[in-house]
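As a starting point, one isolated chain is supplied in structure tokens, in the form predicted on its own.
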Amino acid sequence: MSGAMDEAKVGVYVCHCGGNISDVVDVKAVAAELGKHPQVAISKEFAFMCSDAGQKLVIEDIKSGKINRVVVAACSPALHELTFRKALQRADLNPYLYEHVNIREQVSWVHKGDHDAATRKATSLTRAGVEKILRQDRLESIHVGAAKRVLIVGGGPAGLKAALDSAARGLKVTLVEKSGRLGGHLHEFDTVYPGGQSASELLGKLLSAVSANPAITVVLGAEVKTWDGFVGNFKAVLSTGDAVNAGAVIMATGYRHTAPSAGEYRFGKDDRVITLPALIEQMKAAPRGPLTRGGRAVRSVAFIHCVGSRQIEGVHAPQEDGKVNDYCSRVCCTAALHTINALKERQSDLAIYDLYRDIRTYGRGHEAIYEQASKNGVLFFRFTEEAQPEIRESSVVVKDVLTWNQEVELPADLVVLVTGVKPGEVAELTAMMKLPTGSDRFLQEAHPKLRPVEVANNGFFLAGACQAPMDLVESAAAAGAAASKVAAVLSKDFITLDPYVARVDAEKCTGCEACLPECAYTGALFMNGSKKAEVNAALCKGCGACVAVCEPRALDLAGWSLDQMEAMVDAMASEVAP
């Protein structure tokens, strides 16, 4: 511990959260009750603690000498713990003498029907936070060295953009692509939306810029085979035998097209039925003249949306991992409409029918593509999941919601299935790197608003469609953001990490090694030459698994010590004691 508890002067701040908390919890009562604690010097409630005014309130109380520890009872710490730590730094107080208590997600949002009980619970949790911060050491951040190189996995448009932006910020780049060429799916397209630029020209500019940049090393036909290290000091061994030492990693592993299941809309059984990627490939190979199929002129085309997306468990055939793609693939609608307009430009008399459940033209300039399709004479028909279109010998039958479920039969020389997208084949790689994925299997960011291109694992960043279905514009933006984040992390000769890691009291350690098999992070915990447990702070994630099995209590967690947790439990138990 940092010193005698009687020196601690705690400031407690209870947030209204604009009614999210105060509509359920009596925040004035919580603040008043905490003000009775003998070591709480200040206890206040405020409308928005995360606002500039709320932060200023804390800073002024610290600088005045009234308080030297802070507890904020508000929303999730995932949102604003870092906000208040930085406020403490601006007030010249150790940023780890701060405790964030969640009384929104854990109280007001789950106890709306009982305001009195919610108020008691909020009081109890906040009191526990006070007891924890009273026992908090003045922790110091961990500093580790940083290699000035970024490893980018994936050489599609996002990977190329991330490489160029990283190099422009003074970093060395190793770009690893498992195929034999750079560019990814950009090779498939003739033009790209929303501007209609030539895909080959865009790709050519990217490739020229990458090849001309001496800071970028490209390794083709390679995959990461072994992985080790920590932020600032990662080491990857590639399938080519090359070893890469990097300070940070940008994942740009992209997406795959979803294939229709066997027989879905007669796919694989009727040669008139193809996927949107197959049509785009055909149009690029033969950019002029009327569309043909099997040597026959195509006079009518029906597009069917949401194939391989928005699937329903028990209704649709599962993917290879046994799950369905229950998410919207976002980019398919505009991709289909862009292709439709291109078809109309080359063959104005072509009859085109667009069959959709919902249309999602969400991006800037996308709605104009939809409007242009309508002006081009495309006819739109809306169907429901319960009444999907039926493919017949020379037509498609649909019950059109727009005309009160009237059954319409449409001639169709060609049926195009607008398929969705799913993550690239990186399951082994993400397991090796221990990267988090969402229920949709895409790589998951730490926070969609506050850390949108970062992974919870330190040193990993996301670029493009490895994170979610994205179009080219979005992928480029994400790649630029990831490169900017990497540059910020590697801008100094060292990297600063939070100190919430395991630590060892060597005098208590008996060398029993019971802790070693509990650690899930290779190299984080080991026995030193004195047969005592030792922690590599850069690799430790602070999970506490080792602490739980240490009988002599030689192991503890900085910032979450056993003494702190016992005090928190005692504080909450006192609320319900008879």
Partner chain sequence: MEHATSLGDKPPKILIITTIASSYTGANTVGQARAQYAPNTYILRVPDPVMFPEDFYLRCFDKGFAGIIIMSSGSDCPYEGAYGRLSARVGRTYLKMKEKGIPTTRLKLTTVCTVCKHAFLKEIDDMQNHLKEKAA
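Just so we're on the same page, rigid core means the largest C-alpha set that superposes within 1.5 Å between forms. Positions refer to the first chain, counted from 1. Every value quoted in this text rests on a predicted model; they were computed, and no experiment measured them.
The form predicted together with its partner chain is left out here; the points below concern that form.
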Has each of Trp560, Met572 and Glu575 got a heavy atom lying within 4.5 angstroms of its partner chain in the predicted bound form? yes
Even though the partner isn't displayed, in the predicted bound form is Met568 close enough to its partner chain, meaning a heavy atom within 4.5 Å? yes
Gln106, heavy atom within 4.5 angstroms of its partner chain in the predicted bound form: yes
With the partner left out of view, is Glu518 within 4.5 angstroms of its partner chain in the predicted bound form by any non-hydrogen atom? yes
4.5 angstroms heavy atom contact with its partner chain in the predicted bound form for His111: yes
For its partner chain in the predicted bound form, the stretch among 525-533, 60-68, 29-37, 546-554 with residues bearing a heavy atom within 4.5 Å is 546-554
None of Ser124, Thr174, Thr339, Gln136 but one has a heavy atom within 4.5 Å of its partner chain in the predicted bound form; the exception is Ser124
Which of Ala456, Ala431, Ala278, Val315 has a heavy atom within 4.5 Å of its partner chain in the predicted bound form? Ala456
Take the rigid core as the frame of reference and indicate whether the C-alpha of Asp354 shifts by 2 Å or more between the shown form and the other one. no
Glu131: with the rigid core matched between the shown form and the other one, does its Cα shift 2 Å or more? yes
Using a superposition on the rigid core, decide whether the Cα position of Glu105 changes by 2 angstroms or more between the shown form and the other one. yes
Working note: in the predicted bound form the C-alpha atoms of Val455 and Thr522, off by 3 Å or more, come closer
So the C-alpha spacing of Cys519 and Ala446 changes by 3 Å or more in the predicted bound form; is that change toward closer or farther than shown? closer
